[in-house]
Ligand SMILES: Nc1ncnc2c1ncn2[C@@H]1O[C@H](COP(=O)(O)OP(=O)(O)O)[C@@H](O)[C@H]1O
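One chain comes next, on its own, written out as structure tokens in the form predicted on its own.
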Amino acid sequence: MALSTHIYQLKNVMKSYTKGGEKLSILKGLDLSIETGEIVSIMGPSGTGKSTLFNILGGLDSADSGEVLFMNRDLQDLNSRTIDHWRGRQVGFIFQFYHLIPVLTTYQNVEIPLLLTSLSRKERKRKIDAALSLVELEDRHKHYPNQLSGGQQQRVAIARAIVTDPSVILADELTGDLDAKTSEEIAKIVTVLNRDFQKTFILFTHDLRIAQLGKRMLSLEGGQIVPLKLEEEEGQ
């Protein structure tokens, strides 16, 4: 039997929350397949469940039912310790507001995921230098977040996401706070990481320019994934 080329396969995923005594269904039998090395963009209005799906894909939350397969392994079957270990090795996270620690330098912020590994200080330095080189911040090792522009802070966040060499990178509003020129620079970094290093990207975004980086552009509507209709999105 041939091995699957899919990094993720979600099958009939259901997720709901209880708020004020009322059950709110967020994901309603969601199906989604993502191939290894693909860039996929997921759009949709606020409140449609993008954050919920982001958290499930990253192992930060679990579905109520259904299958969440990563390389044919169902994340739903893993205990919390195993999922933590999987997340640290396989997934990189990029957030809209960077989530950098203000009292740490660029180097120290990027080092954080590596502190959970058994790598030596020398090995950590090699990986950090490589990650910062990829995002063109070799000269900002000792700078603190408040000494960096928004675009530079996002580059630090990208370096932190890739420093462990994860298989997939989940990005939430990658350029949500950035101007058009800086957004374009960040988009080029994503393209290079995908093209030259075969990194799988799942981009959760409201920005059509960033969504167009995706080989596929999808929309989360009514708790399910559907193809994005560009003419409707452009007309909004």
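Remember, predicted model here, so these are calculated numbers, not experimental data. Residue numbers run from 1 along the displayed sequence.
FYI, the form predicted in complex with the named molecule isn't displayed, but the following is about it.
query = Can you pick the stretch from 207-215, 41-49, 187-195, 28-36 whose heavy atoms fall within 4.5 Å of the named molecule in the predicted bound form?
reply = Answer to the contact question: 41-49.
ask   = With a 4.5 Å heavy atom cut-off, would you call residue 19 a contact of the named molecule in the predicted bound form?
value = Yes - in the predicted bound form, heavy atoms of residue 19 and the named molecule come within 4.5 Å of each other.
ask   = Can you tell me which residues in 64-84 come within 4.5 angstroms of the named molecule in the predicted bound form, by heavy atoms?
value = Contacts from 64-84: none.
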